[in-house]
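Two versions of one and the same chain are coming, encoded as structure tokens; call them structure 1 and structure 2.
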Structure 1
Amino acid sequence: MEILSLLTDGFVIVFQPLNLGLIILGCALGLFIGAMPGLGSVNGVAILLPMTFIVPPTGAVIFLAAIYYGAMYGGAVSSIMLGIPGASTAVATTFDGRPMALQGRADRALITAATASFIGGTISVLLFTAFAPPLAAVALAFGSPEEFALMLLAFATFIGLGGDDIPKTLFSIFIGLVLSSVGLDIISGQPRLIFGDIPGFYHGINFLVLAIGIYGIGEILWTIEISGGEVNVAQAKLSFRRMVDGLRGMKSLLKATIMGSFLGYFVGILPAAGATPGSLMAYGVAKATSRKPETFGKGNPEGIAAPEAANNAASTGSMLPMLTLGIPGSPTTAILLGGMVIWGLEPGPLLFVEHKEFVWGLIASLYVANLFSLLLNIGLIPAFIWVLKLPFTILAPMIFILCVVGGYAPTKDMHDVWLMLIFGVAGYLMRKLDYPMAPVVLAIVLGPLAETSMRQSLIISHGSPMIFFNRPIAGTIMIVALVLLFMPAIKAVKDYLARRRVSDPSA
């Protein structure tokens, strides 16, 4: 009952005209920022942080949190409509969102993304409200061995339950891991894989550069080839009945959406994990548990619902360690943490005691921001659909320009633009040769996290790999991951023995 009383006080703060206006403005700006390739919630919050000094601290954090929420919704727009991830958190949405748009089902894809985001956001805020202190303790129990085990489990899911060609999946993962190791060694600081001392490789390969190249440039090249020169982008129709049908269709996606919500929230509360790994893991699990895994990557709505629910849930989850432990759960919450310090709000367990008005006002604002983001997203679907009505001769140059801007924006380095073009050609060739691209993206995102946690664990254990098995949580996750890794080999042996029995009954 105390929680309900505190939450009610939070809603009183939120519905003050200034704070409510800041939420609506933040959601609208976030939607635009998330939809613009190369911007994303990190850049958006950082750019708009100085504007918040003219309002009270509570209103300032509510405004920035609304931008964060809106950007999580907006990232799906360019992923679906243009095949360019608006932010790293929306890369997994591109896998099935873009094929749906090309099949004339962009309205269904956008409704699925918006509704799944709303469900994921709602579930995560409810968990945040009810279980903040115990979940913070769980997050604190996750050390380097547990984090590495979780990363390995993500890779194992793609291999053991993915349904794709196993050798090609392994090749894609290994390529992604190699690319993720380019730059400076995390412990010694020595450069590695910098290809003849090329300066641009010292900062590593930016994840967005890879994603925009593969799914932006690569998509253009692939579309031009399969069209035989006569490019006709599938046109999406929009009507009230189709929108209602799209919302009704969410019933069949509830399993993937709820799974993505809980998985995304759990990954989000882990320090330094964030929404991108959560959305990619949710996509992998949704594919592994689907009745039709072979349809993923070809326009399966489950491939949109799971990652969209996960990235919204993770964005809320990442605020938990920030408020309770003072540890940012994502790059965006690191900026929010800096803003809180500037405003004199010291994060930690005492924040819930000394600044109840701020904490519960922020939590209540997440409920409201989630609702307004949904309304804005669904209300603007006609404008998003209009993009697909443009002739491809106009749309293709627009996509190319957005790709170049998105590749240049994160680092302001032309090296990354050239690298993006190379990845675009590589993405086209992978598509042509039927190599799965999702494992490459997963590997370059999780590679640095997995390497850091593995090396930290081995330093703690003085080189003994048993540290991954003699801790209860890490050991359990590792065993599950190893079972999944060896599952294809076990299945192959069973199939071989079955064929042998059929051909030779006496064997």
Structure 2
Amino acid sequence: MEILSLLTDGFVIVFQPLNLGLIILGCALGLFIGAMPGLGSVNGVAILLPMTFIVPPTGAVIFLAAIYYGAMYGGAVSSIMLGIPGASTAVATTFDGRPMALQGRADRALITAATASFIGGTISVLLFTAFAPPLAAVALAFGSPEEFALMLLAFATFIGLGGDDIPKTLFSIFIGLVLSSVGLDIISGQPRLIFGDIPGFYHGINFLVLAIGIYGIGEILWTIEISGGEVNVAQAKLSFRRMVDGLRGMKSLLKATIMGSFLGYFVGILPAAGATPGSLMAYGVAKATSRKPETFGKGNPEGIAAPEAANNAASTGSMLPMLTLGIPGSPTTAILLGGMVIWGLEPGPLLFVEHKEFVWGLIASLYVANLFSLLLNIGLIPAFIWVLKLPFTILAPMIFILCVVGGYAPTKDMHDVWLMLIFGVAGYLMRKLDYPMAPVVLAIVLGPLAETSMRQSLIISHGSPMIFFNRPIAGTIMIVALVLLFMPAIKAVKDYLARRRVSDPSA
């Protein structure tokens, strides 16, 4: 019952007027950001993080988490109304959402998406409340070898489960790590990789510069190219009666919703997976277990309920390893983690001991944010439709300006703004060639932590790498990580052998 009393304390923090206001503002902003084609939670959190220096750290993290949550709801809106996913996490929602909108059932689709998101969010927050404290308690025993092993595991999941082009995924991880090592060497204090003594590199490359570059500038350049300017907004008829009918219809969708919630939550915990694959998997499973799989893709509301429940559940799931272990489960939580480090709230098991009120305030805020997102989502549907009609030639320059000012604010150095432009352009050009961007952001956030924990471990062991394998927890994690790392290689060899057997029957 200790959890309940801690959670009550958390709600006391959340119901302070400032924090409550921040949650409502965050949910509303998140909903709009999510609803705009091309922009998702990660863009919103990256671009708006510098603006949160205005409030105390607890409020800032609660605000960013509310944006994260709201964006998961909002993503469905443009998937349904425009047929363009509002964020990559809402790709699966277009499959049935768009057909429903074209059949004149856009209101039903929007309400299904909102309610399913709410159920997914609630289930996942309950799971989060139950799992986080015990996990953090176990993690308290972790030292630097375990930390390093966990980070290796985070990178290994990208390779083992990522499925993208493997050399390119690896390249993204490596370049993120190298960029994170620019600046002063943490152990010896010597400057390194300062590129001919450019003073701007002495303080290192701030992760925000990279995140805003890639997810602000790069993303807008990408969206400008993809959308080309033309959008076609579907019509939505709204009335109280139709809303109540929509809510009644949820009963038949409960199975798909609950299944999506659990699936999304557990997929979300994995570092490389997150909400996008979570929602696609939920769609697939809902289709496979449905009584009428042939109606999927033609406007079956189950095809909206499952992925929408899953992407909200996954966003909560990805916060679990971030808060308890200090390993982010998605690019958005990687940026949140970087922000928390700036505010002196280093995520990890100690957070649950040293900043108890903060942790429980954040958990309680998820319950509240979930409720407000639902209410705002349904109440603001007409406003979303207006925003979707906003021409991109107004949105794009405004976001560019936010990026430039936001990139300048944390360090007050124009050097960082130029660097951000370079990252944005390079990120855009590389993304066109299938280089994944999420590992870069994860790597630049985790890089300094990974290097410190590795070198501290080696100093403890007087230079013997066996320290990562001698300790039971570190050893187990290392072995899992190594298996994941080599999985693609093993698979390639197997495929090669299988092909040889086919082409050469005598062997």
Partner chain sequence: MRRAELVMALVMAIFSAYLMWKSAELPIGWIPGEGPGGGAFPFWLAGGMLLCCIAVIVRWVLRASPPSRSTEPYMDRHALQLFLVGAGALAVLIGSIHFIGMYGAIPLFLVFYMRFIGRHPWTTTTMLAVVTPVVTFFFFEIVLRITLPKGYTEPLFYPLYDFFF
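Heads up, when I say rigid core I mean the largest set of C-alphas that superpose within 1.5 Å between the two forms. Just so we're on the same page, residue numbers count up from 1 along structure 1's sequence. Please read all numbers here as calculations on a predicted model, not as lab measurements.
- Of the two copies shown, the second one, structure 2, is the form predicted in complex with the partner chain.
- After superposing the rigid core, the C-alpha of Ala66 moves by less than 2 Å between the two structures.
- Positional change of Pro57 between the two structures stays under 2 Å at the C-alpha, relative to the superposed core.
- Put the two forms on the same core and the Cα of Glu219 is off by 2 Å or more between the two structures.
- Once the core is aligned between the two structures, the alpha carbon position of Ile381 differs by 2.9 Å; this is the C-alpha shift at that site.
- Superposed on the core, the two forms differ at Leu442, whose C-alpha moves 21.5 Å between the two structures.
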